[in-house]
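One chain is shown next in structure tokens, namely the form predicted alone.
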């Protein structure tokens, strides 16, 4: 099972210090948090995509690539990548490039995005959000699996003889999660393709996320990808940890009270009772997280939101130390106990390569080659004009 952290990339005023970090400070902080995530022994760092203030992560692949070159083991992911306002051709290119840069240490999570003003900025209509998500992912799925694609749909110009470059590393597409807070259609999409489903699980009660996950498991089995218990499930969660419970509550309360994300609604105590948020000692975080397994069954990925609400970088790094030293080792042991052998591990690039090739050497696509033996169909770069080929010789 994988454990890690994710960031929504908010820029929020620190109510204790009375200051608001700059974009530059938050971007560098995200890179530092990613590096620290690996240092403390966690498995995954994920960052969201936003195109509106008060968020900074408009280009998650850039942030993740910066972390990739400074880490060796960490899986880089997103939380989430917008499948609606992004062109699927551009997604195919950028994330295949990140896959190469990271040596396969990446995957990504798709979501629709629910910020209405963002859609027209990219020439889209939020009222078409669901059909956009379905059509765009259908195209992306093909772009990563077919060397040459002919395609026509509603929301973008047709493609004819198109090759997305670079091709996926080892000719194995990145593993995809589909993330949602409330939408069963996204769970259905994940189940249809046999992809993973990630329940946001940070603001809503467990019973709400359970309905989505139970539905996804049923549909995963319906489409013949395996049993319901073999479906690939990820969960979010929130935590603020201190050695002593009362210190955690005292330290986090001013951030909770002023953070816009909590809406100035329920008290801290009421919110922790009703949602996955845990504010307390390492043992309290362990105990509450273990209730997720009771509710959802065995699952593959647990990510904690600890970088938000104006918390300064030093505090976040301290949180990571406690997660890595006192919380996650216990969770690994407890989650592994009694886990059925039929429940798969979280997908990784190495595992997907092994499943596709066994002990054989992976295919390394060469779409630029002037031969038809290493692409499906004719190379889109071939040209019958001898003058063109003389000026622009193709490299074999």
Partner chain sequence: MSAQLPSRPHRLVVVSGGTSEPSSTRMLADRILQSTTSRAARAGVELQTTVLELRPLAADLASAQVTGFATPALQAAIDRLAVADALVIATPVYKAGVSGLVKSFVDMLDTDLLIATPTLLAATAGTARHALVADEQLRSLFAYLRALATPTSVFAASDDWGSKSLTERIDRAANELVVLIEAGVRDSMRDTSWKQYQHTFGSAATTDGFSDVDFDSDLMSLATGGTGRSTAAEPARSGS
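Everything numeric in this text was worked out from a predicted model, so none of it was measured. Positions refer to the first chain, counted from 1.
The protein also exists as the form predicted together with its partner chain; that form is not presented, and the subsequent description refers to it.
By the criterion of a heavy atom within 4.5 Å, residue 184 is counted among the residues contacting its partner chain in the model of the complex. Residue 271 belongs to the set of residues with a heavy atom inside 4.5 Å of its partner chain in the model of the complex.
Contact annotation for residue 296: none of its heavy atoms lies within 4.5 Å of its partner chain in the model of the complex.
When its partner chain is considered in the model of the complex, residue 162 lies well away from it, no heavy atom lying within 4.5 Å.
Only one of 114-122, 307-315, 284-292, 127-135 places residue heavy atoms within 4.5 angstroms of its partner chain in the model of the complex, namely 127-135. Annotated contacts: 188, 212 and 261 all touch its partner chain in the model of the complex [non-hydrogen atom within 4.5 angstroms]. Checked against its partner chain in the model of the complex, the candidates 300, 275, 86, 71 yield a single residue with a heavy atom inside 4.5 Å, and that residue is 275. Out of the listed residues 157, 325, 218, 230, 218 is the one that sits within 4.5 Å of its partner chain in the model of the complex by at least one heavy atom. Residues are counted as partner-facing when one of their heavy atoms sits within 4.5 Å of its partner chain in the model of the complex; in 193-223 these are 193, 203, 204, 205, 207, 208, 211, 212, 214, 215, 218, 219, 223, in sequence order.
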